[in-house]
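What follows is one chain in structure tokens, specifically the form predicted alone.
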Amino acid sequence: MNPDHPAQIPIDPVVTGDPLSQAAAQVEYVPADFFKRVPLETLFSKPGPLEVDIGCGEGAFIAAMAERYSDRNFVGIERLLGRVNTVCRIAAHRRLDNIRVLRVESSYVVEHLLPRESVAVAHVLFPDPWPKRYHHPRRLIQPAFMKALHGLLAPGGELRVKTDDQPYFLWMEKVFATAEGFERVDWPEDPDYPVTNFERRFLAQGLPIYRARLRKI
């Protein structure tokens, strides 16, 4: 691992005769070069609109989306190894060949790894709010992130964000208000938009969910 390249995370493959484990290992994508953008044809065998689940957790949302929209391709981004393994095993078990997972820092993927103007929809669902003030620079939604995302989204591409944390949402609103090249659009209730495990838990507790949908212009 290059100490000057914090996005790169070493992968320790586990060799096993378990067919499911072998199939799951193929779901995770490890770029051959972390300093070049990844050609989409190396990620997926079939072309289709690309959606990105930024911080995909244990994969309930991305798996449901991939099952529901088999004509689209989905990239999940997650840093925690245990969660990556879970997503990969779910995709392998359900034979979802339209899911790939990257175990790399989210902002690095957005800015440097995926091709520019390649993403139809970027989903950011219940990101870590980093509530302490001195942790705020670690929050994902920042002006620099929005600028990089604008370059990643295809013309007319969308960012969809949900959170249960009102202070973080108010922070997001300020960032969105100054982000160039986006317009705010309505996001009516959509029964075809899967509920994440986090959202299901928050709804069961009666907590409000804050959401925003922006389109690249």
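Numbers follow the displayed sequence, beginning with 1. Note that the structure is predicted; figures quoted are calculated from it, not measured.
Keep in mind that the form predicted in complex with a small molecule is not shown, yet the notes after this line are about it.
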Partner-proximal stretch of 90-98, 67-75, 104-112, 141-149 relative to the small molecule in the predicted bound form, 4.5 angstroms, heavy atom: 104-112
L125, heavy atom within 4.5 angstroms of the small molecule in the predicted bound form: yes
Proximity of M172 to the small molecule in the predicted bound form, heavy atoms at 4.5 Å: no
Distance check, P31 to the small molecule in the predicted bound form, heavy atom within 4.5 Å: no
The small molecule contact in the predicted bound form: R116, any heavy atom under 4.5 Å: no
Contacting member of L153, V161, L50, C56, with respect to the small molecule in the predicted bound form [4.5 Å, heavy atom]: C56
